[in-house]
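Quick heads-up: it's one chain on its own, the form predicted alone, in structure tokens.
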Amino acid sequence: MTAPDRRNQILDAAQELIQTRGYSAMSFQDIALKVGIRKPSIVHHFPSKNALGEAVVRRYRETFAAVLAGVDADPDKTVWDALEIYFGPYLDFAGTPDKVCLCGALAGEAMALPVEMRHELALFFEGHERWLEGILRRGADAGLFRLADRPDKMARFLFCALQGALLAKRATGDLQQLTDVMDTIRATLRPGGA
């Protein structure tokens, strides 16, 4: 196996463990068992848990940013299409018994995270709110969305509602926690009202 492949296996395993258990509950031993390697192999790629955590969050953030940029660049996608695409990962996570958004999982432990991870986490949140703001602004300007407040405030509201609903779904096991929030977002944005 090549070094980049092994590195990605380690990142994948760490991401899944953070999304299901949290950063504090994840160890190099857990990753080694999941990947089928010894702990020194992890240290070869990531000299510390902090370095690994930062790399996981950065990769997650950059992957999402690329997807969102692709949606923006596609002239065939309407603002409604963009919103539904944005909902997709939330629904994917909710389809598992215990997985949530990586950055949503980390937000609960933010004060215990190393500064580099907190920085990546903040960039993720800011990037998503900015993207949502742009979609909302375009939709409102085109008469396709009705906004109850400024686009930046609505973007923050939507982002927080989705993240919170995903956490509530994990705690209750009730997918309706998330789908009700999505339905309410759609109804709130629809120009004719609910």
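Quick caveat, the model's predicted, so the values are computed rather than measured. All residue numbers are counted from 1 along the displayed sequence.
A second form of this protein, the form predicted together with another copy of the chain, is not displayed here; the remarks below concern that form.
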| query | residue 164: heavy atom within 4.5 Å of another copy of the chain in the predicted bound form? | reply | yes
| field | Contact of residue 181 with another copy of the chain in the predicted bound form (heavy atom, 4.5 Å) | value | yes
| said: Please tell me whether any heavy atom belonging to residue 146 falls inside 4.5 Å of a heavy atom of another copy of the chain, as the geometry stands in the predicted bound form. | reply: yes
| query | Should residue 64 be classed as touching another copy of the chain in the predicted bound form when contacts are defined as heavy atoms within 4.5 Å? | reply | no
| task | Given another copy of the chain in the predicted bound form, answer whether the residues 157, 176 and 188 all have a heavy atom inside 4.5 Å of it. | result | yes
| said: At 4.5 Å between heavy atoms, only one of the stretches 23-31, 41-49, 131-139, 66-74 reaches another copy of the chain in the predicted bound form; which one is it? | reply: 23-31
| note | Across 34-57, the residues having a non-hydrogen atom within 4.5 Å of another copy of the chain in the predicted bound form turn out to be none
